[in-house]
Ligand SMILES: Cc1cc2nc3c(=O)[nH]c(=O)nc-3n(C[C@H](O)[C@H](O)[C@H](O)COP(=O)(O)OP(=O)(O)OC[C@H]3O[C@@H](n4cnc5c(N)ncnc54)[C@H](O)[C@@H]3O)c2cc1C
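Given as structure tokens, the chain that follows is alone and in the form predicted alone.
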Amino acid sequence: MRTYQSWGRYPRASHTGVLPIVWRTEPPPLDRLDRSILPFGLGRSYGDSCLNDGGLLLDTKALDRLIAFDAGNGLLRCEAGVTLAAILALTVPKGWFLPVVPGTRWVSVGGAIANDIHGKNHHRAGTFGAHVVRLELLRSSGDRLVCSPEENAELFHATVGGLGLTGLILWAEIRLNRIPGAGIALERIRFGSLDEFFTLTESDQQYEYTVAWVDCLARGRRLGRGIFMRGDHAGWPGAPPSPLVEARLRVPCDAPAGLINRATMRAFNELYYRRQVRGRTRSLVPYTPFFFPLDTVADWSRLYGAAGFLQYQCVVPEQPGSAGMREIFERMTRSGEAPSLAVLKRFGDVPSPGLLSFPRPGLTLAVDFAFRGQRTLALLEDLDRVVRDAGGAVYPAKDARMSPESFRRFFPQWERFAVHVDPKFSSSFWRRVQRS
């Protein structure tokens, strides 16, 4: 039986019902529903943007049909519930790859558009929405509108990154990228500080993909140390690995509260950092572990215990000495909380198409925190202040607690977006950030 919760499992929500959407050609009469509604894909949003407490969810998982694929031009049309894994299984053997993928392949196309996801190649490719040619949107009025940068353009820009609030996406067309094979030519570089990270990212444009794992508990001269990874598509000998294969390992139940704490994370970070003996390594790897390392363990979110966790992802503009990002690292190390898995990357300047799109030029950090009540929330609000002062933003797809004031500062086009919110559609996130 499906469970309808976010990936972070905080906050919890009580939905009054779930309506499965099965056929794009025969959508239900949404105007007859007496409660607020929200599309729900695979529940990979971390916070409450995929929740509708007290309302109804539209389960889009059955909209899983691949409609058409032009293998000559790399143009794919599919229903909104199709997973990125299903697309890769079809297209990689034919020499095509999704233009943007996040850290998991278990994301629906509708979710990828609604959250305008980004990946390790943002500095070159921008966001997922930048590669959507067109989509069909079902409004609660019954209107079915084809939207693109040229047709119903304002509604298209509201729907990309629009958190599922403008209507139900039925299908989308996506332009893919040609690749030489299913491999990644990977280079891993161990770096000892934030300054070394900044030096490494100066060569970002020479590589298709760049990202860094960072140790958020290192202090002093080691502040921000980590492992920098960069790679390009490459050939792969033999048959490409199937992205549809489920993980062999699974976390079977909730871990004990407190398993992830500062002591265990210090030990893990030290081992992970020292595991790479040589400062620089080069290898050829299949694309799946490079892009989706966490997919190797199913239900890994249970390691944070029954209380769940929050992922904090922010972006701050480039500043002299990268003062804003340094301040965020300093406050995390002093906080007493246990920042765990963390990645750091430099966003490029490719414009994001959505009115609420999160990516913008600057440095972006994503880091997990086990939920430990008010002290966790207090730290994240403290980090919000740094981000606000720096002119940055926090990612709604990962958020479960940003204030209305912060939302309006982070997304100055929110009023222009709000005009396009379908009157029947809502979410726990949207109601929270709309409070006066």
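Counting begins at 1, following the sequence as shown. Computed from a prediction, not measured in an experiment: that's the story for all the values here.
Another form, the form predicted together with the ligand, is not on view; read the next lines as being about it.
In the model of the complex, none of the heavy atoms of A390 sits within 4.5 Å of a heavy atom of the ligand.
Remark: S108 counts among the residues lining the ligand in the model of the complex, judged by a heavy atom distance of 4.5 Å or less. Interface residue remark: A80 is counted as part of the site for the ligand in the model of the complex, having a heavy atom within 4.5 Å.
Remark: P353 does not count among the residues lining the ligand in the model of the complex, judged by a heavy atom distance of 4.5 Å or less. Against the ligand in the model of the complex, the set L42, C50 and T60 is in full contact: each member has a heavy atom within 4.5 Å. Annotated contact segment (heavy atom within 4.5 Å of the ligand in the model of the complex): 34-42, selected among 34-42, 402-410, 372-380, 65-73.
The partner is absent here; in the model of the complex, the one residue of L168, L310, C216, I184 having a heavy atom within 4.5 Å of the ligand is L168.
A heavy atom within 4.5 Å of the ligand in the model of the complex is found for exactly one of T104, T201, S335, Q276: T104. Shown here without the ligand, the chain has Y395, A397, K398 in 379-410 lying with a heavy atom within 4.5 Å of that partner in the model of the complex.
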